[in-house]
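This document starts with one chain, in the form predicted alone, laid out as structure tokens.
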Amino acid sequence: MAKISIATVFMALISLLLTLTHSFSTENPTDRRILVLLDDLALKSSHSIFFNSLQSRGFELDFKLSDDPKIALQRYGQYLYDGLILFSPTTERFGGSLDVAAVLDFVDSGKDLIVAADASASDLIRSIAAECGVDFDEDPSAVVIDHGSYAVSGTEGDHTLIAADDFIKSDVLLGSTKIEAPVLFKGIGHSLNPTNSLVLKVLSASPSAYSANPKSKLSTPPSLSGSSISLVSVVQARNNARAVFSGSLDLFSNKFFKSPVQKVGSSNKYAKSGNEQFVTELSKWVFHERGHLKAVNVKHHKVGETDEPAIYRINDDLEYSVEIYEWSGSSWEPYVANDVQVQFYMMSPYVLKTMSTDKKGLYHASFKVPDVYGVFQFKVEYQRLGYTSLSLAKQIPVRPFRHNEYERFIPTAFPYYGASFSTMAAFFIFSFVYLYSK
């Protein structure tokens, strides 16, 4: 019995080691395991294009039903996955040890999340979204309706199949290739919590859209209307964890990926919607295949020297440099920007300077140590839309001049020197005249 127990523990440890070996690392962000929770395993086939796209890019997907009693994000205090996809909008309670708090802890630990809802979204899914600053319409029967931007179809319909094309203008979020075709959307809208500055709209509804029950007449103004309705939003936490919230599960489906689309009032008819390109590019961002920065080789030294000193003296001339790279999906490439700044900081920045770049990843700046001694920090706080934030700090003391390092004669004191000697000369002349005059 003891042998069986030891063997079981040994195999469990080996399994955990292999899991951690293939998990996320800053050196290779694409080597990641993703847990996919589904309402129905039929979604594996109805959304297979999206899942195959992830697998072709090196992701290992673990599919489970959302009420599976064996669901676990952690084992022995270590996370088994680096990403979580919730395609289970109707689930009222997750299986195993997973709940709202566990999902939020997962994100707080720096992991990534995709949540897709629909008109039947449960309170569980709404709670997860609300904790991240995304508020789905409180009316459980409401969906987004747009009589001015719906997708043309063979039947008149209720205009809940929307052809949306109001994308965020960001190459890092949606790629450098413009999405020409509108995105098909059928689901619920949401608003962004105004107190949360970390959440962004990626796909917005048109000014003619509103959220209501399509099967009943409006008796009161809708709670959500116009461009304030967000269809798809993203969150990048302060720990660089990323999350995507969509009000439509069909947005990711094979049917919407392959459907032709024509927006009402437009003569342009596209053989294929923009859903696949939109979802693929957005998934590259959320799983850190794009917009992921790292900083290495932080150095500082006096001008004309190469060694890093243990202490600086006031008014020293120094140089600071750092190398910044961006993950391209397969390798680290030099990051090129003109807005990276370094601070020389003690309680407040005494020096704030924009660094120059050689466009090969190296950023550098030269400046003079302020005429103030104390314990300073070199600080780089870089935050740019869609990119992981960089926060670098390196502490260094600054001393005043020693007693034998001051100039023998200080130019600014020349008037005082002159006054002293002129006083002595005047006293000598006065004494001579006083003593020898008749």
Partner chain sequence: MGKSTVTTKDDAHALFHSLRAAYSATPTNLKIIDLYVMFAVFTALIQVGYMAIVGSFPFNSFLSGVLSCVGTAVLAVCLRIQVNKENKEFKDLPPERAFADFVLCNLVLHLVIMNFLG
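The shown structure was predicted, so the numbers you read here are calculated from the model rather than taken from an experiment. Numbering follows the first chain given and starts at 1.
The discussion below concerns the form predicted in complex with the partner chain, not included here.
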| property | result |
| --- | --- |
| Position in contact with the partner chain when the complex is considered in the predicted bound form, options 375, 413, 385, 372, heavy atoms within 4.5 Å | 413 |
| 4.5 Å heavy atom contact, residue 408 to the partner chain in the predicted bound form | yes |
| Triplet 419, 424 and 431 all within 4.5 Å of the partner chain in the predicted bound form via a heavy atom | yes |
